[in-house]
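Read the single chain below, which is given as structure tokens and is the form predicted on its own.
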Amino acid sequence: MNKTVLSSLNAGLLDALSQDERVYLLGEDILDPYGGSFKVTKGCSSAFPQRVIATPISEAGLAGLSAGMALRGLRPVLEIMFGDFITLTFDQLVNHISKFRWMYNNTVNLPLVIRAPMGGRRGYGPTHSQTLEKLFMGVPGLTLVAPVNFVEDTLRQEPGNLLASIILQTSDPVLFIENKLQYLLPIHQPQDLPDLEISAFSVDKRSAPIFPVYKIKIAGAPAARVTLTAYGYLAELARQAMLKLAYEEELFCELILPTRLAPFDVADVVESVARTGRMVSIEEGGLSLGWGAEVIARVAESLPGAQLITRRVAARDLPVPAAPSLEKRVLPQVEDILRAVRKVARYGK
């Protein structure tokens, strides 16, 4: 049975705790036997009782405390129970944590990792179902990372390995985005998906940790006509759409999946779009002023004079409802990706 994203992340936390005694976990209800709202920290407090700390309900205070621990040489990992509550850390993240290196002329490091479960599709309602990482994507000094449930043989960067390497190697603050529906997805290796070719590229090989970018395409298919780009759980929906389009309509795409959302390196997306001329960005956050808009703008700037046909797939600019039927209408679905790809593929024909 394949390892899931949840079990991989859990193993990554245990690995980081075992490798470096400076690693501490902090968060609400993360102790055993509960092990956190989504069980990512399960077993950690039993194995490392002195370095797993259950905290009061005060995200702003926890962010400040974690920042102080990092400045003193520790490597804290802070779990935000629901990503919606990341808004309570906004002042600490934007005005302090992300700026200390500049304020103190590179004399300090701040190796803080903040984990935040984002996203809907579980009927939790407007304040527990949001995808808010776009609020932080333009903050200098703050790195945003979102794992995907794919690996490539030559780069074993499954989500837990990626998380552990960030915890152990980063010198700067990282916001680590986990989608709630992603937790139970299996981690796909190439042998699990014989219909697909999975390849991985490293962002900035000179630095550590390394953030892979994955390219997925139909095995043995003709040249792709459309570039798809997505991250996190939406990578799985994009994969489903890509297969459906290939086998039912002979409309072939290639899918580019970055794991580092900010600072964003657009080179791999540009390389693909330069060949296809058509692009669909896919995200669960709200459509307006989102990640997809930035990616499309960067691609257009990198290909001056090119005639590009683009489309964005994202959530409607509405609060996420609790009722399943309404939630489905607000959040992007596979059918939305299919429609967007068909539109850009047929444009001008």
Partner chain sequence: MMDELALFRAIYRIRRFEETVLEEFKRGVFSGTTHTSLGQEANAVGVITALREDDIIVTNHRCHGHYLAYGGDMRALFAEMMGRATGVCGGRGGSQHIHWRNLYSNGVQGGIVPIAAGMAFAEKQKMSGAVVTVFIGDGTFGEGIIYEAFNMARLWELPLLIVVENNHIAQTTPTSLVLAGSLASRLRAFDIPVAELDSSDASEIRVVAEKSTAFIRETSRPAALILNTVRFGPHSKGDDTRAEEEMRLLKLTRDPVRILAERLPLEQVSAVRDEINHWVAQAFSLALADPEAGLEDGLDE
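Numbering follows the first chain given and starts at 1. Everything numeric here is computed off the predicted structure, so don't read it as measured data.
Below: the form predicted in complex with its partner chain, not depicted.
- Message: Under a 4.5 Å heavy atom criterion, is G64 part of the interface with its partner chain in the predicted bound form?
- Response: Yes, G64 sits close enough to its partner chain in the predicted bound form that at least one of its heavy atoms falls within 4.5 Å.
- Message: At 4.5 Å between heavy atoms, is S37 in contact with its partner chain in the predicted bound form?
- Response: Looking in the predicted bound form, residue contacts with its partner chain do not include S37, since no heavy atom lies within 4.5 Å.
- Item | Contact of P49 with its partner chain in the predicted bound form (heavy atom, 4.5 Å) | Outside the cut-off, so no.
- Task: Determine whether any heavy atom of L193 comes within 4.5 Å of a heavy atom of its partner chain in the predicted bound form, and answer yes or no.
- Result: Outside the cut-off, so no.
- Item | Residue among F252, F264, F85, F100 with a heavy atom within 4.5 Å of its partner chain in the predicted bound form | Contact residue from the list: F100.
- Only one of N95, T127, Q240, S202 has a non-hydrogen atom within 4.5 angstroms of its partner chain in the predicted bound form; which is it? Spelling it out, the residue with a heavy atom inside the cut-off is N95.
- Message: Using a 4.5 Å heavy atom cut-off, which of 270-278, 107-115, 254-262, 223-231 contacts its partner chain in the predicted bound form?
- Response: Going by heavy atoms within 4.5 Å, the stretch is 107-115.
- Would you mind checking 53-92 for residues with a heavy atom within 4.5 Å of its partner chain in the predicted bound form? Heavy-atom contacts within 4.5 Å come from I53, A54, T55, P56, S58, E59, A60, G61, L62, G64, L65, A67, G68, M69, L71, R72, L74, D91, Q92.
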